[in-house]
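Here you get one chain, nothing else, as structure tokens; it is the form predicted on its own.
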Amino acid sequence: MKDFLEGSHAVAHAVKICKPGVISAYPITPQTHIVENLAEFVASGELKTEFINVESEHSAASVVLGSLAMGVRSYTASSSQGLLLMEEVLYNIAGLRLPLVITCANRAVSAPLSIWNDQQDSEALRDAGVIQLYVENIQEAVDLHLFAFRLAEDPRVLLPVMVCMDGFVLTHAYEAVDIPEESEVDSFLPPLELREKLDTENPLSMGIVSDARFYMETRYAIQETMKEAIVIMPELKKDFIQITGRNLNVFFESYKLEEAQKVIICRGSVSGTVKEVVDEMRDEGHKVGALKLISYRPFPTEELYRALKNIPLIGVLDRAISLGSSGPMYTEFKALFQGKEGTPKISGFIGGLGQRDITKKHVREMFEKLDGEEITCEFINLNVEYLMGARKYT
């Protein structure tokens, strides 16, 4: 079904045809339109599910933890401070091996208060055992939500999957999207069947206290599952393509890497701007390319190394900052080449925090700076006049 939809509503349509049995969420900008639209589906009878209103994001996460523990497909969504309020419970959901699907409508984290977009909120959960997938556009958001339910619920995985889409830039934008037919999704996504779940007929305990004899093994098991997911994801991708007839990248998208001497690595909606600049500079004779990262957790190390090993100059564009260090993606890619042959020169850039513009001019400047000394952490498009005033008070 082709339709012209707001990004949030497109995600709501995708979630609807996956038929979750429980939805619970708390409204927070810019996530609200997703669950608001789902509530409308429930009220109109289009979606048969329990929509549970709660008093906070912590409660929303707790509700879906309970429903998943009972073996019921469940969904939630959040942003920014709300996602951080969920964090305690999301660690529990991952540790209990419950296959939640959650949308993060990426938004800056306070203080100062900002409702605008960057990716610092989802970065705060990179070590929680939650699979993280980042989308460039609304169609990709639809497809990766369908993929997320299948991946999370695969018996070999059973981990929460978070689909991250840039707040406002995608959640409130409109795009022509292809929503699969319900029958297609039914073929791709079988009913959830958990081997271990809470059942009064067969009682068991979940999440009990674990002493030093057992705790580390749970972390090891999640780590191994993350590595196994790198093998499983291409299998599920083939099923998706076969049923929908539409291609889907699940690890990353290589963009004109052939013969490229300089590459910018990015993720999310800014990828479109980076690719436009690559096209323009290619037309001018420059050997440039781009790589759009989709799967941040698990981090597909070997696949990325094979794609980038012959690129001498790499720039990593982070829309988050690990304060006191550098860009989180930058450190991942530096580690990727550690001790390997043909180590490229890798520079790190921070941009777009609080939805500050990243224009084609800024992308060109990043490409140009790759010719100089390696950059560890350079902010682009800083408001220098404001910065000089603000520093008086530090």
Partner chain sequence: MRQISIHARAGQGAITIASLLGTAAFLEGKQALAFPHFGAARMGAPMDSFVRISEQEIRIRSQIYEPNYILVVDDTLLRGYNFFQNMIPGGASFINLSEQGYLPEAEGISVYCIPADDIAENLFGKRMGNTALLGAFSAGTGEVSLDSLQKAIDKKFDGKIADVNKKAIEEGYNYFKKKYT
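Positions refer to the first chain, counted from 1. Every value quoted in this text rests on a predicted model; they were computed, and no experiment measured them.
What comes next is about the form predicted in complex with the partner chain, which is not displayed.
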Contact with the partner chain in the model of the complex, heavy atom within 4.5 Å, among Ser74, Thr103, Ser269, Ser80 goes to Ser269
Could you tell me which one of Glu368, Glu46, Asp357, Glu55 places a heavy atom within 4.5 Å of the partner chain in the model of the complex? Asp357
Is there any non-hydrogen atom of Gln132 lying within 4.5 Å of the partner chain in the model of the complex? no
Could you tell me if Glu182 has a non-hydrogen atom within 4.5 Å of the partner chain in the model of the complex? no
Proximity of Arg282 to the partner chain in the model of the complex, heavy atoms at 4.5 Å: no
Could you confirm whether Glu123 comes within 4.5 Å of the partner chain in the model of the complex, counting heavy atoms only? no
Quick one: in the model of the complex, does every one of Tyr305, Ala335 and Glu378 get a heavy atom within 4.5 Å of the partner chain? no
Okay, which stretch from 103 to 111, 318 to 326, 183 to 191, 270 to 278 lines the partner chain in the model of the complex, with non-hydrogen atoms inside 4.5 Å? 270 to 278
If you apply a 4.5 angstroms heavy atom cut-off, which residues in 1 to 25 are near the partner chain in the model of the complex? Lys2, Asp3, Phe4
